[in-house]
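Before any questions on how it binds or moves, here is one chain, the form predicted alone, in structure tokens.
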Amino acid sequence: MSIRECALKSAAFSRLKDVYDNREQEIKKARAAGTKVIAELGCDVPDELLLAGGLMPVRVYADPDKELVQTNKYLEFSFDPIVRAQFEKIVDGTYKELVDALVVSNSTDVIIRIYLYLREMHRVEPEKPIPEVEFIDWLFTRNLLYQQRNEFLIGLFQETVERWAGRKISDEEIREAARVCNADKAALRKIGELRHGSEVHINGSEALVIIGSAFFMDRKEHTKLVEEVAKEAASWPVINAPRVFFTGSNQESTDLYDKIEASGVVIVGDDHDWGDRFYDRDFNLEYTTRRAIVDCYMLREFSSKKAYTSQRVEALNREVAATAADGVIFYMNEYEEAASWDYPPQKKSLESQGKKTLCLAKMKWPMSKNDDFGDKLSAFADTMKGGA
């Protein structure tokens, strides 16, 4: 299915796609204008604090075409392949030229190890072109003791952000930045409604562009453009295809969604950090700022990387029900073990509800390295359409 002509004719969507396709252009513009840019590795860095300090947050992403010359010197081959490619851009000087600092959050175990490698490289090879690195060591268990510990950690991170900003950051500045982020999430929820409501007007690839462009541009501009797309998309043609939910590895491009939807299904929801999970929970403006940040990031829907299997089963059941999906595609890159642990009980629970499932596991990255799995997708799509 890919991105349709109706979307490409939209000026607002085209602007978002331009940012999504050319991710460094906005970074360079911001730095040329004197704005400090902070890269984020991991999905749990509080944008609200960075924006409050006048800084521009951007996501570290993998380049599938880059040779992993430096990475192969330092990292085992058993690391998540996307993270290995992200590491290459951090240590080969790419991000040293693009950003002022790097924040690493412990969103996954492998990212924690990446931080430890970077810290050691700073110590023993200070000449390496690696940005300054700050680490957020969140505690993800949901209890009062961990909440209090996390509020303390966010206080320390705020001090670092203030050093980068060159000034103190007030609570009102944080709340104003939170209003900007909340407004962006509200606009993205309108996109979500057009994606998994009773009529599907936005496909999975289009949604990835709309969501992912937020990671590389001014957040207020992003909100305005998303609002415009939501208004226009309400009149885009309805997509009449079997509805599937996608779970598993982060998708930093539309390549896989294009291939899945070309089989004749439409992806109406997903739970990875480059999809619907990004706008899952708002900053509560009635709380103190530190408590609100912790609440926003601790109480989002469960990620496979930071949750018990039982929690992931319940979370996936909720999301599949909310999107009215009839089937679920599990797609897991090789060496992503956490998601594979969740799969057996998730499959059992879904199939007990009459949901169809397809598991594509131990996949190579980028997608083009895999032996063709189109036959499996076609067979699954046929089953979704009522075939044998």
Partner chain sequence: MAEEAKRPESQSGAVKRLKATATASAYQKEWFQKTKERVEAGEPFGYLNADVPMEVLRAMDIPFVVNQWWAAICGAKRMTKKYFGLLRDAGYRDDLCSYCATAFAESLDPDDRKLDEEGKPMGPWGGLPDPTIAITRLTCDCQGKIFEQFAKNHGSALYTMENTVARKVPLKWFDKVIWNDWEEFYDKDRIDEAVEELQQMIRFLEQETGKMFDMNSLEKVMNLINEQELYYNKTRDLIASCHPVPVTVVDTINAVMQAQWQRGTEWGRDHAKSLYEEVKALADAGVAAVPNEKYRLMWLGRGIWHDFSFYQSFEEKYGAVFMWSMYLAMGADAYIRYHVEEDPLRALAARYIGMEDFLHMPPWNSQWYLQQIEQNDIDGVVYMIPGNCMQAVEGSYFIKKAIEDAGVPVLIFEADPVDPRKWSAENMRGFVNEFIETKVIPNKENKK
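Positions refer to the first chain, counted from 1. Source: prediction; values computed, not measured.
Unshown form predicted in complex with its partner chain; subsequent notes refer to it.
**Student:** Please tell me which of Glu125, Glu199, Glu172, Glu97 lies within 4.5 Å of its partner chain in the model of the complex, judged by heavy atoms.
**Tutor:** Exactly one listed residue reaches within 4.5 Å, namely Glu125.
**Student:** Though its partner chain is not shown, can you say which of Trp274, Tyr279, Tyr74, Trp164 has a heavy atom within 4.5 Å of it in the model of the complex?
**Tutor:** Comparing distances to its partner chain in the model of the complex, the residue within 4.5 Å is Tyr74.
**Student:** With heavy atoms only and a cut-off of 4.5 Å, decide whether Glu337 touches its partner chain in the model of the complex.
**Tutor:** Because a heavy atom of Glu337 falls inside 4.5 Å of its partner chain in the model of the complex, the answer is yes.
**Student:** Can any non-hydrogen atom of Arg312 be found within 4.5 angstroms of its partner chain in the model of the complex?
**Tutor:** Yes, contact at 4.5 Å.
**Student:** Is Lys231 one of the residues lying within 4.5 Å of its partner chain in the model of the complex, judged by heavy atom distances?
**Tutor:** Taking the distances in the model of the complex, the answer for Lys231 is no, it never comes within 4.5 Å of its partner chain.
**Student:** Taking its partner chain as it sits in the model of the complex, is Tyr61 in contact with it (heavy atom to heavy atom, 4.5 Å or less)?
**Tutor:** No, Tyr61 is distant from the partner.
**Student:** Each of Tyr20, Tyr331 and Trp365 within 4.5 Å of its partner chain in the model of the complex, by any heavy atom, yes or no?
**Tutor:** None of them does, since no heavy atom lies within 4.5 Å of the partner.
**Student:** Quick check for you: of 185-193, 283-291, 200-208, 152-160, which stretch puts a non-hydrogen atom within 4.5 Å of its partner chain in the model of the complex?
**Tutor:** Among the listed stretches, the partner-contacting one is 152-160.
**Student:** Counting only non-hydrogen atoms and a 4.5 Å cut-off, give the residues of 297-327 close to its partner chain in the model of the complex.
**Tutor:** Result: Ser304, Lys305, Lys306, Ala307, Tyr308, Thr309, Ser310, Arg312.
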